[in-house]
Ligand code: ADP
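The chain that follows stands alone, in the form predicted on its own, written as structure tokens.
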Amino acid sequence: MEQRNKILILNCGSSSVKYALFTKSEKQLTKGIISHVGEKGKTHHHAIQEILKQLLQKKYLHSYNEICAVGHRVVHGKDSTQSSIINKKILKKIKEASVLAPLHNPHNLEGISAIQKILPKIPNIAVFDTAFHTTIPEVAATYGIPQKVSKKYHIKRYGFHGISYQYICEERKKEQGKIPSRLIVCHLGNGSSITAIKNGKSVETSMGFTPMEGLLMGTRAGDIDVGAVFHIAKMQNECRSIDHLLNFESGLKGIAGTNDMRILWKKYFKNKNAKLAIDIYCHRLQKYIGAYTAILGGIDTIVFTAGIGENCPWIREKSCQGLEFLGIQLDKEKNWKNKAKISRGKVNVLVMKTNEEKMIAREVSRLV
């Protein structure tokens, strides 16, 4: 009889299903992605069937009986403070939060429904991307709108990338024996955010009610005067196109025509818009580092993580320039070699690889 010692991780998006397979001891066996979901009648159910078939064919599984649980990345958990075994109550909560994350939660639900039908006896765990930020104090989470409106429509700062931030905190604790008491983590990818973490708890984060707020991103505008949005809406007389503009046509892409940071850096010294895009990106990041240092009452450690944070030394260098007065001083040679520690000042500046799938597997192990 096979041991039930493997954890399947599913991350269901609108057009793809990302997956990974781990042992309960956190060893990653494989990972991959099934694309073109939604095309030619291909559903999340079909994609997950394909994943399971591949895992058997490639001998990562000998039978489905080896799977002890399935972990799901669920983008919005509303006010859920921790991961949960999925039951009717949790499904209802995810469905209710779909109005807050219409581009994500409905697809997460489709993945959950599909695997429950395919493997009905195996427990499913929801790991919420917003849970880590439920410690943000009211003063930081509340927007300056009438309370009756914010309460009626559940409008507040929720924050995202929480699974990544939790992973970074736990890895720092493993390596250092404790989480730095005043920690700033920069999760920089196509979607980018920055979080101030005090004694292991999120106290402020740049993404807000949606992932649109905060830093300049690959295709998202980040911080923008809402008056400018109303002005564009008035001029174009179309709200849906504004949503698309700010989510998919803005950010680096909107300024310089591409959201590929490598291409922008190649053009940095010869193309005005490429230079402007990178300079705005770093300016916004630098502004948040300064603000969050003030909120934390100082800073012990900065971590750069995710695709851009881990692999773009020019972004780290430009973002830290001029912050020597805070004790932030990079070692240029180590930075350009992508070393783990890239600082020589009193503030530790680190480059860490995030692993959201591993964090989800870890949460599943804790619950199963």
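Residue indices: 1-based, along the sequence shown. Worth saying up front: this structure is predicted, and the values here are computed from it rather than measured.
Here the subject shifts to the form predicted in complex with adenosine-5'-diphosphate (ADP), a form of this protein not shown in this document.
Counting non-hydrogen atoms within 4.5 angstroms of adenosine-5'-diphosphate (ADP) in the predicted complex, say which of S98, T135, S150, N190 makes the cut. By the 4.5 Å heavy-atom cutoff, the listed residue in contact is N190.
Note which of I67, I308, I342, L55 lies within 4.5 Å of adenosine-5'-diphosphate (ADP) in the predicted complex, where distance is taken over heavy atoms; exactly one does. Checked against the cut-off, the match is I308.
Options 115-123, 252-260, 178-186, 162-170; stretch whose heavy atom lies within 4.5 Å of adenosine-5'-diphosphate (ADP) in the predicted complex: Correct option: 252-260.
Just checking whether C312 would be counted as a contact of adenosine-5'-diphosphate (ADP) in the predicted complex - the rule being heavy atoms within 4.5 angstroms. Flag for C312 set to yes.
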